[in-house]
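Take a look at this one chain, the form predicted alone, written out in structure tokens.
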Amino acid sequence: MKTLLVRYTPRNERSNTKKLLDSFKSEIKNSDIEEIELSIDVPDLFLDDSLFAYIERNYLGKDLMPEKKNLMSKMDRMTAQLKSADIVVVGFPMFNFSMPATVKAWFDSVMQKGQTWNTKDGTYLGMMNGKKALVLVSSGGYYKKEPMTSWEHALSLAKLEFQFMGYSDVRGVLAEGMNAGDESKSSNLTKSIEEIQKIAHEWYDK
């Protein structure tokens, strides 16, 4: 079994997201672990040349010349890392009601037609069946109750991306109120960590 931990924690030890990820990592059993820090190993963006290379290869079925293959090399490496993992955990803080641009770029990199999803008879098909995904998000405010639920586009979007790729078990934990008072923050963080550890026990203790 292999576990892939994808993190965006540029605040390092000050990061609440890192605390969430570390709580999961401490419970991993009988699994190889690979980690990616997206603030260091920054995903490529789809720019003019790389977007055309992707369309030519993944949509039109053309073989790419070496220089065009090179444009896709980091995206292909990150896709291979994802495909090799039985369990993937992605952790990041909420930025302006959604995910940081670097995290979105990672999803754009690995959601490749013919690799992690495809189409058949006009229907989208995920190709990652049998695999598990967990999304861990920390937020300064509160988004689980109205009227703020419609403002939350971080955890919900990440879970949707994994569901689209066909993951059989997609979970999410939102640690809210990290900008609240110390008592509320500590309580919310503790509850989230307990939920995360419960998921890890379920997945690794079988």
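The first residue of the sequence shown is number 1, and the count goes up from there. Here the structure is a predicted model, which is why all the values come from computation and not from measurement.
Beyond the structure shown, there is the form predicted in complex with a small molecule, which is absent from this document and is the topic of what follows.
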ask   = Is residue 117 a contact residue for the small molecule in the model of the complex, using a 4.5 Å heavy atom cut-off?
value = no
query = Closest heavy atom of residue 133 to the small molecule in the model of the complex, within 4.5 Å or not?
reply = no
query = Given that the partner is absent here, does residue 143 sit within 4.5 Å of the small molecule in the model of the complex, heavy atoms only?
reply = yes
inquiry  = So, residue 178 and the small molecule: in the model of the complex, are they within 4.5 Å at any heavy atom pair?
reply    = yes
query = Does every residue of 15, 93 and 97 put a non-hydrogen atom within 4.5 angstroms of the small molecule in the model of the complex?
reply = yes
inquiry  = Heavy atoms within 4.5 Å of the small molecule in the model of the complex: which stretch in 135-143, 60-68, 27-35, 41-49 meets that?
reply    = 135-143
